[in-house]
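To begin, one chain is listed below as structure tokens, in the form predicted on its own.
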Amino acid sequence: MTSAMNEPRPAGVLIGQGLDRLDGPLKVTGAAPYPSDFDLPGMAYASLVRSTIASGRISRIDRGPAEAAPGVLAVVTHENAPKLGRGPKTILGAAPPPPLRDDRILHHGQFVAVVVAETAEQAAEAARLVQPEYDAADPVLDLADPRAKVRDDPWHVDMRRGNLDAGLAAADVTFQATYTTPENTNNPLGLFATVAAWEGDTLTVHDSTQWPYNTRGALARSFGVPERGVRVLAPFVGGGFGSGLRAWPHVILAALAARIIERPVKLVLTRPQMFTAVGHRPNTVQNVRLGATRDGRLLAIEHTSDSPVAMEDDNLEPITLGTSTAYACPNLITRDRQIRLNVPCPGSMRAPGEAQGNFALESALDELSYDLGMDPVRLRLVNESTVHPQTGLPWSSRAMRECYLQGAERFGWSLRSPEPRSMRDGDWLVGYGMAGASFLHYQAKCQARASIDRDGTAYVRSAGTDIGTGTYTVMTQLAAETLGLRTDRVRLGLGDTDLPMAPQAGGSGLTGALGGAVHAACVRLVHDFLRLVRNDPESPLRGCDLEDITLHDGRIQRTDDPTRGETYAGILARHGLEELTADGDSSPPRGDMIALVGSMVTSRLGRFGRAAVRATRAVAPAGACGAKFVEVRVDPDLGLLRVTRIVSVIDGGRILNEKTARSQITGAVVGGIGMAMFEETITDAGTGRIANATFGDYLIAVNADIPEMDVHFVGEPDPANPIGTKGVGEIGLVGIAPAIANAVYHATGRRVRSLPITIDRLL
């Protein structure tokens, strides 16, 4: 982290304040430009045709009726589509397969044609006229299907330490159970849209992406053009929850349609298409074995998981990885398997992997606590680790103990009667449940640029996008405080690949990456102003360095004499400059590589390898962590389940904006309630068709399902990140589902090991 002696000191403090969202007025007045809002001269519209089988080949596809329909400009199938390249591999895995590449069908709902017409209505009507004929094959749809291809340790992150069998043998109490989680669909409110326009070999795209630079790379690779000739714009996105992290086939098809008809094209997915086109949280079957001493010390953990992946796709979703660092246990095995099925490509959904894995682990710990006759909070405190369990490195910062203790106090955990089914309020059974939560530290490289012009206003920009998390607001606060400006004197540019490179808005990593780059650019900019006047005899700042100054309201002043100073505008004017610009960047800390990569290999290196890692004297960057406490009420006659209170205590490192951070936790808790009680994407076992691909059939939590919520932050700025943040996008969801399930058991004595917890499971 940059030393305070090497950065300017602002006179006012903006960071941490619960500033209202600066983009709020644009959004509530309808002025925020979402991708679907763009209308270009001469624009045509595209509609997609999806397969009605899950496996087989297209035997015949007649374009004639659609081509003859009113307003139709083109009908593109695998028979007349040009060969497209496959996008580059990213941290999330290989890019989805190129669309319309051959006659094979790999999943129900696969795009088999794109129809382009003068109006959206004409395109949709003509698309209905394209009715392919198929040679269908028997699809592979079940994880237990013996025909399915299994990928063991697909990401090489399976963990092992100690001797599991010895740990289980030494345990006073052992426990084993199987847990399942269903497929969930991201379902952001905004339908994904792409507007594509070519000028020669130059392509401009407005897209619902969480990662503009990745979309740019995928489009360039698909069409064989230089990346510098592709511009992707996504200043506002109507939600994503991870579904916008990949360049999906519909984005490629929109650009393909625009190239074929030589006009701009808009393509907006329908809600049913969103269920098969932009990823989903994969279902899991997980097995957990635990061994512990009578006083609750964990001696052994084994956590294995099976989850699906598409036939020719890749998806980074380690379900059990978080278990390896959750608790101080000397003997551990975590193992993931992916099984290829005829299903749409899975993808990241808020807290990918950890949402499912944490449900199994924290449910199992709750079950173990009853077997031990031990308070669930006490069991977790006994096993809290002060070091990274896999490497032995000290955590950069981790206030997990405070999360448990303060959460229990705020919730009133001491009032809990330990026996299941022992608490009532009238006809309702009352249950208390809790769970621990963590999410791995993630930070990627990022760049930013900052300028101050003649009128003393700043323009700070980077290609990262704001998917509704408050990035515009917190980055403006950060830049304003670092530069000593009011927030209304800072303009922030986001979501444009013509701006400096930025990583994805995902993995709870953008705030740290972008914030570090913005901070570095702004500090460098102030430094460049001082360089400009260092030998200027007219400047009262002559000879000053960063540690000698204070910044206030656009003015640089000497700390030892605040009356001596001058404004940014004054410096530029005297030197005949219109503006001054500086670049900044941020990179993952060295310890990040040790924690994330080293932990993957030290389990294979043995004690000498682990000693070598510890000898670096680095720390293990700690991601966000927290404790979740839940009260539920269950009607034993009707099976009705109501969540009535939730307390979330979170260590998110330095909180840049208390209001937007609290909003992130609150929104994620709502997602956790949906995961626990409502959400289940149902696939027909015989055909592979998703049977509930509408908001009328896919249940999500609504206002009436959401209880009183208490969100509280603890912890200190994390030195593993230049600005001290950890990221709070995912941590709010992790732990909610098991806490609800654990509360249900306490209320009813009925253990639910399969989500969602529906009425039939409580009767």
Partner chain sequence: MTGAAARPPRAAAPYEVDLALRVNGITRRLRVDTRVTLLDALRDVLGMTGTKKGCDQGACGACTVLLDGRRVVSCLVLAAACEGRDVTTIEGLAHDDGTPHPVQQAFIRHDGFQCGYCTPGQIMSAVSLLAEGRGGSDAEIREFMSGNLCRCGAYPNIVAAIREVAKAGDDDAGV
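Numbering follows the first chain given and starts at 1. Remember, it's a predicted structure, so these values are computed and weren't measured experimentally.
There is another form of this protein, the form predicted together with its partner chain, and it is not shown here; the text below is about that form.
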- Option from 48-56, 32-40, 717-725, 734-742 whose residues, in the model of the complex, bring a heavy atom within 4.5 Å of its partner chain: 32-40
- Note on the structure: The one residue among N315, T185, T276, T391 placing a heavy atom within 4.5 Å of its partner chain in the model of the complex is T185
- Note on the structure: Partner-free chain; cross-checking its partner chain in the model of the complex, the single residue of G217, G190, P589, G109 with a heavy atom within 4.5 Å is G190
- Item | Partner contact for Q664 in the model of the complex: its partner chain, 4.5 angstroms, heavy atom | yes
- Message: Within 4.5 Å, heavy atoms only: does K27 come near its partner chain in the model of the complex?
- Response: yes
- Can any non-hydrogen atom of V670 be found within 4.5 angstroms of its partner chain in the model of the complex? yes
- Message: Residue-level contact is defined here as any heavy atom of the residue lying within 4.5 Å of its partner chain in the model of the complex; does G639 satisfy this criterion?
- Response: no
- If we check its partner chain in the model of the complex, which of the residues in 96-128 reach within 4.5 angstroms of it by a non-hydrogen atom? T119, E121, Q122, E125
